[in-house]
Ligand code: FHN
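Here's a solo chain for you in structure tokens, the form predicted alone.
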Amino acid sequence: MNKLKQAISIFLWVIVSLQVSMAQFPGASAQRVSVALEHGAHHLGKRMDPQMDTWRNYGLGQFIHWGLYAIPGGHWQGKYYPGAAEWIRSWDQMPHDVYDNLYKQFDPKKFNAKEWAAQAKQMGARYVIITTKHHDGFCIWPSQYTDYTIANTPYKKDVLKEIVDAYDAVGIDVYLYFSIIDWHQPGYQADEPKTTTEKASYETFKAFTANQLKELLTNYPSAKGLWFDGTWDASWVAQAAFADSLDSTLRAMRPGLIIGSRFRADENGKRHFDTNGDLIGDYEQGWERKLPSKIEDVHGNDWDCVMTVPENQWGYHSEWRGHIKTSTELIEMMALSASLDGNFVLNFGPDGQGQIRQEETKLAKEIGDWMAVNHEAIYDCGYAGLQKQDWGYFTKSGKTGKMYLIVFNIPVSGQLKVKLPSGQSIAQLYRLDQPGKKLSSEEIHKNEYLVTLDKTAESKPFVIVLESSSQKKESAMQYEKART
């Protein structure tokens, strides 16, 4: 009888799993069967609370990597470090004891958090991610759990508080970056602990990590979320139960807290997506220095892309090599992100004195000038459900229902192709920067239109507003499918 009850329970659980899966993912295969997980995804589908709704509608964010690594700036004793500047401590040419004492030189006399915030505001950023502690373990806040903090530098003042207060003041939401890797903390280890001594040491590291995270949420109550890094080590991947419990603790401390998919693994070591393929956390963090190409790539999840200006420099490196992205390239990445229901986050790496480099300042200004005119096509916008064309990207406002054509490549013909869903027609078209000037269109096939542009040269991408109607206009031409 017990075996029969157990079999019935398993059967009912499978049926429920299938029903939940199909409800959360319309069109999903009826063959999808989930395995039971204690530390996998705790919800299916998107979070629909007000805090998450705000997050998914940001459009544009700023990332700031700033710490001790800004002092060497990618060089040591005249030698060029080819990696990402914030990793320089791991370089065999950088003595650890020398690096670990750089905090005695950290005195950024030109640092002005209000200037950073003002620049971000002009650029159009609606949230910022700031590195509270990178892999080197140095804390830009005065943590009570380590001496390796801003409090013991010549600067002494709480840099993180200055940043949080400045960005809060201009209405930019703050998210706190935190690296689980900590090269300075004695209990840290990359490999999964095996011996009794290693396990005991790692337990102290886990307690230290939990205490610091709780400290951050306590000391900076306006922070909207936590952005985790350095969670790929085998030691941390093996801590599924601990990380899951800590996740719950942090969320209980801050209702509505937003945590992405990098924080923890499930009990089978799966990161970002659990063993069943479901997203762990509130949004996908796998789009680092890369972008999806189609809506299917994001699997219906919230996501953001974090992007560097050179190929791979986050912290300050005084010598950028290789391709440096232009403002037009970055605006196109932002438009692509918005068109596929994502946010775009651009990184800045201030130098050891606290100044944002001239190249980044120029880019921020150019992006901000474009956003001042065209932000309506980015903020609160997402996937329009239209077939992409080679001239650029479609976005659609979740508030007004207006659609936007963000044009990067004007065809030689001067005409843009637009294909609308069945039953929809174009009510009106106009340039966002010239709302009083209407554009003409012609239906060339059923629900397919050509939009005619003025014969003028364009130096920057521009936006056309498309207002559609369900009242189908009578076409002067009647089209029928070819009979073959």
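Start at 1 with the first residue shown and count on from there. These numbers were taken from a predicted model, which means no experiment stands behind them.
The next section is about a form of this same protein that is not shown, the form predicted together with this ligand.
Contact annotation: residue 216 falls outside 4.5 Å of this ligand in the model of the complex, judged by heavy atom distances. By the criterion of a heavy atom within 4.5 Å, residue 306 is counted among the residues contacting this ligand in the model of the complex.
Although the partner is absent here, residue 229 is a contact residue: one of its heavy atoms lies within 4.5 angstroms of this ligand in the model of the complex. Not displayed here, this ligand is kept clear of residue 329 by more than 4.5 Å at the level of heavy atoms in the model of the complex.
Stretch-level contact check against this ligand in the model of the complex with heavy atoms at 4.5 Å: of 200-208, 84-92, 137-145, 101-109, the positive one is 84-92. 262 is the sole member of 126, 402, 262, 270 with a non-hydrogen atom lying within 4.5 angstroms of this ligand in the model of the complex. Note on the partner interface in the model of the complex: the residue among 393, 314, 167, 283 having a heavy atom within 4.5 angstroms of this ligand is 314.
For the partner-free chain shown, just 177 of 175-209 comes within 4.5 angstroms of this ligand in the model of the complex, judged by any non-hydrogen atom.
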